[in-house]
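Below you'll find only one chain, the form predicted alone, shown as structure tokens.
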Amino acid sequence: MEKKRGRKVMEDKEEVAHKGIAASFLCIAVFAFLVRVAVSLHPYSGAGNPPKYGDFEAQRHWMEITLNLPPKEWYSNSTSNDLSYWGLDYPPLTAYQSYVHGLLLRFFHPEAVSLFASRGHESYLGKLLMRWTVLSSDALVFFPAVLYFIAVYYAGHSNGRKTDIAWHIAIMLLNPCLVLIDHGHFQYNCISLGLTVAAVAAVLSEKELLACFLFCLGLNHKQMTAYFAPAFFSHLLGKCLRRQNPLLEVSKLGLVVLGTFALVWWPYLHSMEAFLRVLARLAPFERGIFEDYVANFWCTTSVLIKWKKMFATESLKLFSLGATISSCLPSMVQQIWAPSSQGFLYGLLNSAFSFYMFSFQVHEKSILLPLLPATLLALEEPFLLKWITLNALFSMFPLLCRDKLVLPYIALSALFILICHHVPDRRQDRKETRSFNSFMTTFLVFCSVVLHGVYLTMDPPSRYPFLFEAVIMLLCFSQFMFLAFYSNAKQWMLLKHTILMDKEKKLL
């Protein structure tokens, strides 16, 4: 039965390919790549801002460290590796990626990664090479993952039209938030998110072992990929429990997970001390429960409840853990009870929202994680996608302003709105729904435009220097909370549909 199903999926994939998906993807991918190149011409995080510069310098410094020191010293504080100066705080796969990219820089421009002497290096060639490392990562990881997902997703949609497919590809490849953060601000989220997209595609094509391998790679590249872990766990567990030998199925998945982690962490498994040293770097509890103005629960409510002053870090860790688990538990229960492909995609969104809202030490850039499953659901939930993307952009506006990325911010926002305006009309929504959507969009855009203008043209009161950031945070948080409730409700509505389908089958 499994072989027949797999053969059917392969045949469907070939059928989708014949519909012209390859040609559409190639054209959109070339345009998306050129957009990334254009954004890369603008400033980046910490440009010309000593002594620590910003994320650009952090990534360059990791290349310097991994190239010039043995792996056992990458996460250790020493005279050669001062962890207070952008010490590695991501899992080992990020370190390996830094090493590979460092080889490229050393081949063309050794001065950019020389130990100690390269700190704050900002030569034209060095910046050009650094930008190309992100561009190549996007082209080699994220773009193919999107193609894999589209092929699998539309293999199950026999009525998928070329316009639907092309629009969905454009939405995924031209996500303004990801482009601005990776190619403007400067990061490599395209790698961990690309691996996650590929893992999702593997789940949808019923290749669970491959999905576990890919997801573990994503988790070992950036620990924030754990935002999706409850959704993967509950969906795969729910599927295993419905098979003939559940224990064997779970064991196979567990072995793949353990094997992948052992492979990535091998240089640090020789002693418990080395392992714990790396692990400690991945959990920066000393930074507090939040930094800057992020539109999540802890930061927003800190206007009234001074969490950092009233509670010790140990207490806040427990609060955060309890709130995160409690908020994603309903979504997990639904998938264990009735796992489905559509429910899994909603589960990814709900799980990521739970972590963004309640987990410890969330950054503005973390909104990229709930945004990813929203793009996967774009054709089913176009209004949700537009709503969350505009709010995600707005929530990151102060950060992008500091990076002097206002021009690409405006351009990419306009491009996204233009693409959303031409969403394929797959369903005839009721008049009331369309009116509500139109009203909410108009209201959101009006508030956003006013606050953008105020932020750019006015100075805040001296007594409240971060007043404008706080207002932006409050507005975006209210929208994210509404969207989280909505997506959880939509996931549980799928259960009602499943029950009705089962009743119809029994009657037949």
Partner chain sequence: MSELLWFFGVAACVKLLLIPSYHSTDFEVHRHWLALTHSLPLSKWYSDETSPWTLDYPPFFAYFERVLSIFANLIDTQIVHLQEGLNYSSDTVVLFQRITVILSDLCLLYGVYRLTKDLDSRRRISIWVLIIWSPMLVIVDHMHFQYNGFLLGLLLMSLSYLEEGRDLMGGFVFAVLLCFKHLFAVAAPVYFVYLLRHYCWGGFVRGFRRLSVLGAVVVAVFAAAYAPFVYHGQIQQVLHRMFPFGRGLCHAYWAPNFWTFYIILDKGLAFFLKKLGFAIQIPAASFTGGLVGDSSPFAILPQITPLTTFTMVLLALSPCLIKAWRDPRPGMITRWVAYAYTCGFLFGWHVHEKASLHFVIPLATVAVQNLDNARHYFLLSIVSCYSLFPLLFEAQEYPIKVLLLLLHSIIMWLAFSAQFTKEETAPIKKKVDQLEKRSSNATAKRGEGFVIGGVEKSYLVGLLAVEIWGQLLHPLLFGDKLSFVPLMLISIYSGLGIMYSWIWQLRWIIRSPNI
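Residue numbers count along the first chain shown, from 1. A quick note: this is a predicted structure, and the numbers were derived from the prediction, not measured.
Note that the form predicted together with its partner chain isn't included here; everything after this is about it.
- Per the 4.5 Å heavy atom criterion, its partner chain in the predicted bound form is contacted by stretch 128-136, the sole one of 387-395, 195-203, 278-286, 128-136.
- For the three marked residues, Phe31, Leu418 and His422, a heavy atom of each sits within 4.5 Å of its partner chain in the predicted bound form.
- Residue Leu412 is the only one of Leu412, Ile191, Ala151, Leu88 with a heavy atom lying within 4.5 Å of its partner chain in the predicted bound form.
- None of Val449, Ala38, Leu467, Leu474 but one reaches within 4.5 angstroms of its partner chain in the predicted bound form through a heavy atom, and that residue is Ala38.
- In the predicted bound form, none of the heavy atoms of Met493 sits within 4.5 Å of a heavy atom of its partner chain.
- Although the partner is absent from this view, Ala489 stays clear of its partner chain in the predicted bound form, with no non-hydrogen atom inside 4.5 angstroms.
- Residue contact with its partner chain in the predicted bound form: Leu26 places a heavy atom within 4.5 Å of it.
- Mapping the unseen interface onto this chain, Pro408 counts among the residues with a heavy atom inside 4.5 Å of its partner chain in the predicted bound form.
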